[in-house]
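Listed next as structure tokens is one chain, alone, in the form predicted on its own.
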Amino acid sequence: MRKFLTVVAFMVITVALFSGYSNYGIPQIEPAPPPVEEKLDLGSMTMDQFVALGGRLFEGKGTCTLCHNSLGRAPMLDQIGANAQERLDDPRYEGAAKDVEGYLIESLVEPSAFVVAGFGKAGSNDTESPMPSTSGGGIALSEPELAAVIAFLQDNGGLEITVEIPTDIGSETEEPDAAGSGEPRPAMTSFQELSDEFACEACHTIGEEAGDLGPNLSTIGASRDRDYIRRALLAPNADLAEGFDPDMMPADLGEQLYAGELELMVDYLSKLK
């Protein structure tokens, strides 16, 4: 009996020490609050402020610089003033735009309406763009935000700014969804939902979806284990695939995923044999 009590006491002390260390000895990681959508006081905004807003969206929420950069994954946009009219006059152009402003809007919300030669999805003969629509998915720019990006592109490309600051939408943006209201967004329950949200297939070939900007993931589970796949999602520059440059994949993807969503992606990709 004495021996039994000694073992029980030892176990209780061990559990208490472990519990105390885990609660107080290990630094606690506080998750960052979800991003709050910027409130737009359109009624008092000057055009210079509207252009500056477009620049922030271009480099931030719109994730435009992820592809439109010197790595050559998408056309550079600093010469859009000189190039837009040429693309409208291109015999391959079959979109609905009638002027440069219309072309810029169309290129943001319907990227496949016209694909610049050499920048289409692999195998599409430049008829399908790897770029997702900025009006939906994980980007979801509102109408005023789209107009601000157009103003920025026109100003940056040396064009006359023809867009007007929206005045019939009120002083704020549209009613924010869960992702922009400060409330946690609902967790996604399938890899396809996550892929659509984060535009994975715009860069990676996964099954029948053929993106060629990033490594082919169709059989990644046959050559890489779960730890590698998880690390590639959390720290994409840690183990670069041969032939691909650093900083091609968002470094903060892990910060945007819930833990369960991360494991869902790892599970799915690890089974691609």
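Between two forms, the rigid core is defined as the largest C-alpha subset superposing within 1.5 Å. Quantities reported herein were computed from a predicted structural model and do not represent experimental measurements. Numbers follow the displayed sequence, beginning with 1.
The form predicted in complex with a small molecule is left out here; the points below concern that form.
Contact between Ala241 and the small molecule in the model of the complex is found at the 4.5 Å heavy atom cutoff. The small molecule in the model of the complex is not approached by Ala122, whose heavy atoms all lie more than 4.5 angstroms from it. A residue is said to contact a partner when one of its heavy atoms sits within 4.5 Å of a partner heavy atom; Gly214 meets this definition for the small molecule in the model of the complex. Using a 4.5 Å cutoff between non-hydrogen atoms, Gly62 counts as a contact of the small molecule in the model of the complex. Although the partner is absent from the chain shown here, none of Met45, Ala52 and Arg56 has a heavy atom within 4.5 Å of the small molecule in the model of the complex. When you look in the model of the complex, the only residue of Leu77, Ala147, Met188, Ala97 with a non-hydrogen atom within 4.5 Å of the small molecule is Leu77. Annotation for Lys61: C-alpha shift under 2 angstroms between this form and the one not shown, rigid core superposed.
Put the two forms on the same core and the Cα of Glu201 is off by 2 Å or more between this form and the one not shown. Relative to the superposed rigid core, Met248 undergoes a CA displacement of at least 2 Å between this form and the one not shown. Relative to this conformation, an increase of 3 Å or more in the Cα-Cα distance between Gly120 and Ile229 is found in the model of the complex.
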